[in-house]
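As a starting point, one isolated chain is supplied in structure tokens, in the form predicted alone.
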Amino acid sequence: MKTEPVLEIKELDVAYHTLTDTVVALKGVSLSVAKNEALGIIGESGCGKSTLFYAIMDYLPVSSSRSGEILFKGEDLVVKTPKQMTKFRGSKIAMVYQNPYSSLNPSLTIGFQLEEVSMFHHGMSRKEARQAAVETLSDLHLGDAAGIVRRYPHQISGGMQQRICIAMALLCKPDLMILDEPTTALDVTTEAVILDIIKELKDKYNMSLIYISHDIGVVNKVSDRIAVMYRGEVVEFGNQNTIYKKPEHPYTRALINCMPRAGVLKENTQLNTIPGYVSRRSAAETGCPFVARCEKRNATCEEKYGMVERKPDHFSACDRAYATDIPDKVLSKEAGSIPEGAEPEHKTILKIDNLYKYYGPHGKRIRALDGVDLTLDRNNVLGVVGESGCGKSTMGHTISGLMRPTRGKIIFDGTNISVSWRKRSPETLRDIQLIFQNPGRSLNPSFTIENIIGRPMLKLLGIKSKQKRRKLIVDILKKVDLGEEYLFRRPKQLSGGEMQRAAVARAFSIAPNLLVCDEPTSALDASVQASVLNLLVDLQKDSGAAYIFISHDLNVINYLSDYIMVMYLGRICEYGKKTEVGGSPRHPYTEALLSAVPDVDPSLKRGEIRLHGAPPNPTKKIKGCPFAGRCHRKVGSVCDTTPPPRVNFSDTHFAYCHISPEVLNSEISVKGIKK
């Protein structure tokens, strides 16, 4: 039997008014959330997901207006005064934000911040509030809850901080909890634990949930139903299996097809992309909001557009989603094949021998890299994965010369380059380029795109002619799908995807032989991420360059890489071809990482392995295996006292583990993907 909805939104409009025009942020949004139901909201940046829930909480700026109905247990929140809304905020409707760092006060203890929630909303004494805080932290599977409440936010990890924010919301004992991308910045293992906790606590506290994300795989883990938003409208609404298997709206299908997923590899498939970008919506605009980017548009898009129940509990505003008529783009030739004139694939371009990198003074040194060995051949992509703090970025920055190794050798193309960039030759500086995670912070805001791309041409290639540089810059811009009109724009005039394309153009402008990509797609929407990944594949085909691609997204790594290296606390856990590491993982840590990957297809199931606790203190020398304290397959005390041996499974596949090769080959915890 259906129960009365906890939240019902009817024809909600939100607009932002400026001195020159009016921007429509939400138009005619209608949604409902039942008791103890989890509703997922997906869509690209700028689709109105966050605005919708700021409208629910009445957190909109004074320059905005809203109309329609927001019924919470029958009461219309739109007509409530700010004073009346204080009875709903927190105590009845709680919100968990994306960035825990901005939600927690760095000058107050965690216990004090948790206590004031119960004292304000429920009138508890400080002693009662402290007890409630400790109990709630225990519900969130945080060990030593009594000790955590005495710490400050900077003394705990990002995953623990996010759980503190969830605890603050739970202490309000709300009927509805809204979570605005709370796991976007977290590692895949931490994300999996938090998503499990959210599902568990929803049933324990009998709450309703609204989960906002741009990642349909994450939404699948917690949601019963999914609403797809585009440019301020809900364009499709239904259960997760229907949304994935039989979407009706072209935008839903396009969004799903953009995402790297099981079976989609660069060798045989190019990721689908959505042309154009999410544009602002004017007050005068009518009809389908997706029509400008839709591959299925026709002359009837204006008059036949509107939300209709196509099947029981499945609503969509259009019924022309493509499924088989616009399939994944199969490549005519193998992606990553060696172009004419390129070096043979087997020739080694990079060799790292026993690399160490320590931070800090003697006695309290952080062991960021603890004896890494690596070989990379030309025209290959090495994917590096692991949790935050495992040394991925440190390794990339050391190879590129931003950091000098503590000891060990970095041999690039036969030359020892184990020094900082200041002591490297111009040829080496030209041959190794770096793409950073945040393009907005890596591009000089005061320079035009022409200056940004042209500077390395002048400094490293010695091209002094401005006309010659401009011609080369226009050619490279065309390769990254940016036109000549971008020459005179500055970074602030570009979207996130365009900025990342400009960063890629800068890196390739001097024809490097090795490109270090430090999470270049982690902050991008699915459609923009797909276009950047396609671009990287195409540029590698043309140049024959080698990549080191650093990421915590295993779907992206599996799509782009030829080899995968798994790191944990500065050491290598497992290394091999992507078919070996992704298809037959041997190290327990790799198994845990793969089991935590959110699947775009909700029917795909993996054996669940959840990691609890935190990695050991990186300032202390570890005698045995660094993963021993969290390992679900720990052999015994030998794991704590003796360094794990290298176990070879093939010429290209090995792992460092005390479990015998026979057991590792026969008892794999993750049995692959099951329907």
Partner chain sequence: MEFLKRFAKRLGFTLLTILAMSVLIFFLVEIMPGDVAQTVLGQSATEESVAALRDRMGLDDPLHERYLRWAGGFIRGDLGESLYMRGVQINTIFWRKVGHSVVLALTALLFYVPLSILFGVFAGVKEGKAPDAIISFVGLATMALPEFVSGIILITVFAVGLEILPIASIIPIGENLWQNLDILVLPALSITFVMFGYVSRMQRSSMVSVMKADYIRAAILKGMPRKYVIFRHALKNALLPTITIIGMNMGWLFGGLIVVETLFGFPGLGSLTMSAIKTRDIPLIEACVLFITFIFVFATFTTDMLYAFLNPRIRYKRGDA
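Computed from a predicted structure; not experimentally measured. Residue numbers count along the first chain shown, from 1. Heads up, when I say rigid core I mean the largest set of C-alphas that superpose within 1.5 Å between the two forms.
Keep in mind the form predicted in complex with its partner chain is missing from the figure; the text below concerns it.
Undergrad: Look up in the predicted complex whether Pro106 has a non-hydrogen atom within 4.5 angstroms of its partner chain, and give yes or no.
TA: Contact with its partner chain, yes.
Undergrad: Using 4.5 Å between non-hydrogen atoms, is Thr81 touching its partner chain in the predicted complex?
TA: Residue-level check for Thr81: no, no contact with its partner chain.
Undergrad: Looking in the predicted complex, any heavy atom of Gly496 within 4.5 Å of its partner chain?
TA: No, Gly496 sits far enough from its partner chain in the predicted complex that none of its heavy atoms falls within 4.5 Å.
Undergrad: Is there any non-hydrogen atom of Ser102 lying within 4.5 Å of its partner chain in the predicted complex?
TA: Yes.
Undergrad: Heavy atom within 4.5 Å of its partner chain in the predicted complex: which of Phe112, Tyr305, Tyr322, Tyr356?
TA: It is Phe112 that has a heavy atom within 4.5 Å of the partner.
Undergrad: Using a 4.5 Å heavy atom cut-off, which residue among Ser282, Thr86, Thr415, Ser138 comes into contact with its partner chain in the predicted complex?
TA: By the 4.5 Å criterion, the partner-contacting residue is Thr86.
Undergrad: Want to guess which of 53 to 61, 26 to 34, 642 to 650, 626 to 634 is within 4.5 Å of its partner chain in the predicted complex, heavy atoms only?
TA: Selected range: 53 to 61.
Undergrad: Under the 4.5 Å heavy atom criterion, name the residues of 121 to 151 that approach its partner chain in the predicted complex, in sequence order.
TA: Contacting residues: His121, Arg151.
Undergrad: Would Gly143 count as moving between this form and the one not shown, using a Cα shift of 2 angstroms or more after superposing the core as the test?
TA: Gly143 C-alpha, core-superposed: shift of 2 Å or more.
Undergrad: Indicate whether Ser393 shows a C-alpha shift of 2 Å or more between this form and the one not shown, with the rigid core used for the fit.
TA: No, Ser393 moves less than 2 Å.
Undergrad: Following rigid core alignment, is the displacement of the Gln270 C-alpha between this form and the one not shown equal to or greater than 2 angstroms?
TA: No, Gln270 moves less than 2 Å.
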